[in-house]
Ligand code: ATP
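The chain that follows stands alone, in the form predicted alone, written as structure tokens.
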Amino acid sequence: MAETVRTFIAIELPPHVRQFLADCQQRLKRAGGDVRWVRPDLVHLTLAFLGGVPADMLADVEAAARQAAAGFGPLSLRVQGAGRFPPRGLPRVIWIGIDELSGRLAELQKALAAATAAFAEKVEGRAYAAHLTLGRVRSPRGGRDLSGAVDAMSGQTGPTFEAREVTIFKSDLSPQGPAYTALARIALAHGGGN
């Protein structure tokens, strides 16, 4: 059986955005709750999760992703809002939102997902919602206070940043947490946008 590589495509975050996320986590930790927080240096904006890809097909994934991203230039993104999945009841995932007014982020995500769908373990059926996962709730303990704290942050506006590339990552899971290795970086260099 061929070796598979757990793979996803994402936008990496600059240090000032990671610091903002760390500050948000500190505010939310004060609310209590049983949450496994994501280390800020591991947070990224996922565009397509492929799952286990045969190692001998990674070059094909890269070629497909490069072709899909070829028509896109840099994207101006803003950290905006906060929320939880599911939006009602006890939360399972705590997130910070990403806003991109031109609609090009959604177009890029759709293009990448379509171009790499043949390599994905399963194709996502839900509409894409750009977000940065801050933590995953482990139990209902303190969930109401945590939900209130997240709701209080829902109107916040955070820093802006420019995404100039997308990265194909390898993800290795371990009891100590995930480790991500960049397999390829694809510039968003087309001057005219899409």
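Residue positions are given as counts along the sequence shown, with the first one as 1. If you're wondering where the values come from, they're calculated on a predicted model, not measured in any experiment.
Although it is not shown, the form predicted in complex with adenosine-5'-triphosphate is what the next lines describe.
- For a residue to qualify, one of its non-hydrogen atoms must sit within 4.5 Å of adenosine-5'-triphosphate in the predicted bound form; none of Arg27, Pro40 and Asp99 qualifies.
- Within this chain, Glu121 is remote from the site of adenosine-5'-triphosphate in the predicted bound form, having no heavy atom within 4.5 Å.
- Heavy atoms of Arg136 reach within 4.5 Å of adenosine-5'-triphosphate in the predicted bound form, making it an interface residue.
- A residue is said to contact a partner when one of its heavy atoms sits within 4.5 Å of a partner heavy atom; Tyr180 meets this definition for adenosine-5'-triphosphate in the predicted bound form.
- The closest non-hydrogen atom of Phe161 lies beyond 4.5 Å of adenosine-5'-triphosphate in the predicted bound form.
- Just one listed stretch, out of 46-54, 27-35, 66-74, 141-149, contacts adenosine-5'-triphosphate in the predicted bound form at the 4.5 Å heavy atom level, and that stretch is 46-54.
- Shown here without adenosine-5'-triphosphate, the chain has Ser171, Leu173, Pro178 in 140-178 lying with a heavy atom within 4.5 Å of that partner in the predicted bound form.
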